[in-house]
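Just one chain follows, in the form predicted alone, and it is written as structure tokens.
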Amino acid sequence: MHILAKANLIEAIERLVKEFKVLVPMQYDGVSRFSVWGSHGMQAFNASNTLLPPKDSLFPRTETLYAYQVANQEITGVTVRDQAEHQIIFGIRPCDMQSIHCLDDVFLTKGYADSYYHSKREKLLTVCIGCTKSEPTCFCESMGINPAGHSGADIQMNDLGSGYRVVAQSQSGQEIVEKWKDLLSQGQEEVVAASCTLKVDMNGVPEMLATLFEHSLWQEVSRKCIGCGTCTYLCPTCHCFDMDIQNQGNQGTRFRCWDSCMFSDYSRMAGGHDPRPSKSERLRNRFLHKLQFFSERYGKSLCVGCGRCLIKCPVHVDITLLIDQVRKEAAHV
């Protein structure tokens, strides 16, 4: 077993910075997120997770797709903005690692690959650190995720107290471990993983939801929702976006930016028709996408049990309570 002493952690990361843009969990101005190594803030490797997910490293909040020039009302040149850089997300937790696999399904499968996402994903390495503690809002185990680690990471690390167990899980991960060769020792220490205290029973839930599309529970659950979209912007798997253009003189850009299915104008069509005009319909769509539709299409839940929406929803709309309610209502259908 390879062990990286915590005293050598900074040196290990500094070696990666020479070749990669390294993102690490940081606390800055009261908000935790993945930031570039060396930026302002305090390292937060001991935190259970960041408030903001790392998905913007692959799917930025705002992303310029291409620039163009206009002359005599005609486009004279187009420049595609697709310059991905080599990145490492260092310290990603298992739930967020699973979220990247969900985004891979969305942007890279079913016959179409989003070139902007694809170029970033090809140049991304992930170093996952297993959880040794869980928050009261964590329920990743119920969503089929192991808090101790994720097999999809290039390197899996586990906190042993004075150091980290280090396991390469891909060829790229092995190349990184080779760079740390003189920093690693050998040992046989036991890995202690967290266990979630919050649990839900997901068995059969997608099938149950299919019978409850017109049920009154959606009006009940949505009554206190204020449609702020906080849940979607903090969610590591939400991927709704809008596209727009910005013109300045004889040049302009087309860009995409995060959007939210919880906003009243998200699904409104050009002619003015909105297939989801009410708050209850929008909330229903969000939860069905997380728990039923994605499972039917890709064979996995779009909720990874990270608990961010439970922490920050201003009116305490709780997806775990909804799952419990679905089981209760489906029993009477």
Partner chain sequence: MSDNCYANELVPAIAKVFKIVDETPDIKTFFVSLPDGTKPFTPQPGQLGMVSLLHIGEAMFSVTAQGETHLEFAIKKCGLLTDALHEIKPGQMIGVRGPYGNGFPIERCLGKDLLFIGGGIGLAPVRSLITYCLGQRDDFGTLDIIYGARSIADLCFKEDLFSNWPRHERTKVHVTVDQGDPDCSCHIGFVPAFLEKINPDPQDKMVILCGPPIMIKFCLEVLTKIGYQDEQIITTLEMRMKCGIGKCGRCNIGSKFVCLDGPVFSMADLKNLPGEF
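Positions refer to the first chain, counted from 1. What you see is a predicted model; the values in this text were computed from it and never measured.
This protein has a second form, the form predicted in complex with its partner chain, left out of what is shown; the following refers to that one.
Only one of 238 to 246, 123 to 131, 160 to 168, 174 to 182 lies within 4.5 Å of its partner chain in the predicted bound form by heavy atoms, and it is 238 to 246. Every residue in the set V106, F213 and R297 has a non-hydrogen atom no more than 4.5 Å from its partner chain in the predicted bound form.
Heavy atoms of E190 never reach within 4.5 Å of its partner chain in the predicted bound form, leaving it off the interface. The closest heavy atom approach of Q73 to its partner chain in the predicted bound form falls within 4.5 Å. Under a 4.5 angstroms non-hydrogen atom cutoff, its partner chain in the predicted bound form has F293 among its neighbouring residues. Contact annotation for E141: none of its heavy atoms lies within 4.5 Å of its partner chain in the predicted bound form.
Only one of S48, S57, N285, Q27 lies close to its partner chain in the predicted bound form, with a heavy atom inside 4.5 Å, and it is N285. Only one of the listed residues (S151, S195, S115, N203) places a non-hydrogen atom within 4.5 angstroms of its partner chain in the predicted bound form, and that residue is S115. Counting a residue when any of its non-hydrogen atoms is within 4.5 Å of its partner chain in the predicted bound form, the hits in 259 to 293 run D259, D265, Y266, S267, R268, M269, A270, G271, H273, P275, R276, E281, R284, N285, F293.
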